[in-house]
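There is one chain below, alone, in structure tokens, taken in the form predicted on its own.
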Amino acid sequence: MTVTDADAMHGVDVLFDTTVEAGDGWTGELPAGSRLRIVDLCGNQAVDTLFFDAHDYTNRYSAVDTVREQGAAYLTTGSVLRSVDLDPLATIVADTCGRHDTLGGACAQESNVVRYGRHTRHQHACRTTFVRQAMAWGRGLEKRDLTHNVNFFMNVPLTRDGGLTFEDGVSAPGKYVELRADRDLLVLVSNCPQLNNPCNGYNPTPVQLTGWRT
């Protein structure tokens, strides 16, 4: 059941309700106080997401500041996503998955080659999707603005020596994460097409994005 179906009778103002196919992207704005729900429709899918102050794209999400301020490496219910200016951008208000990564970054064609070999050089990657979404959006958003991202539903455990490993996901079909916009936001989503590590179960699948306000 979608948020639209569940709340249609309760005065909810639905801003969007869309399915993003594997490897595709989405860009949109969320007004302060509104909600965004991301649903892992089939399970084990990574959803790379960028957050910006809608009125100042230089004031964008910072993984470093978010991790430091909350004193935890993973994101879950109660986590406040902070900007480079330490402003709250969004707060996770519900999470049926349990934890989300903000250290592993977005896959890129260059990093694919380093990790998996030259034969992956021309495979699609999240960085490519982000660039395409930014260029299509325009309005002052440029390639250089694409920095830290959140990897919703992605499992990237920390090792004892401070390294990162990419492991099988901890999500399942229908699991979701819900965020409240703490200021007017611009959101970019890349529904990860990664085929070379377990983050998508080697089988990228669609996700659902629903935004609303009451």
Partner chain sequence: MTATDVRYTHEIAAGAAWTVRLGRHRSLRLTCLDDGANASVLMFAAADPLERLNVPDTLKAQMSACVRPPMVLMSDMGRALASVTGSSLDWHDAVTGHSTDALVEARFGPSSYAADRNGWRRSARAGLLDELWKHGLGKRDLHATVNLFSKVVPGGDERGSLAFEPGHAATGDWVELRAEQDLLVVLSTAPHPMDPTPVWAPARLRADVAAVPAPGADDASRRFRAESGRALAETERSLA
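Because the structure is predicted, anything quoted here is derived from the model rather than measured. Definition used throughout: the rigid core is the maximal C-alpha set that superposes within 1.5 Å between two forms. Numbering follows the first chain given and starts at 1.
There is another form of the same protein, the form predicted together with the partner chain; it is not shown, and what comes next is about it.
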Out of 39-47, 56-64, 174-182, 24-32, where are the residues with a heavy atom within 4.5 Å of the partner chain in the predicted complex? 56-64
V84 near the partner chain in the predicted complex, any heavy atom under 4.5 Å? yes
Give a yes or no for W137: in the predicted complex, does one of its heavy atoms lie within 4.5 Å of a heavy atom belonging to the partner chain? no
Would A90 sit within 4.5 Å of the partner chain in the predicted complex, counting heavy atoms only? no
L103 versus the partner chain, in the predicted complex: is there a non-hydrogen atom within 4.5 Å? yes
Contact check in the predicted complex: R118, R127 and D145 versus the partner chain, with a cutoff of 4.5 Å between any heavy atoms. Do all three pass? yes
Residues from 71-98 in contact with the partner chain (non-hydrogen atom within 4.5 Å) in the predicted complex: G71, A72, A73, Y74, V84, D85, L86
State yes or no: after fitting on the rigid core, is the Cα displacement of T159 between this form and the one not shown at least 2 Å? yes
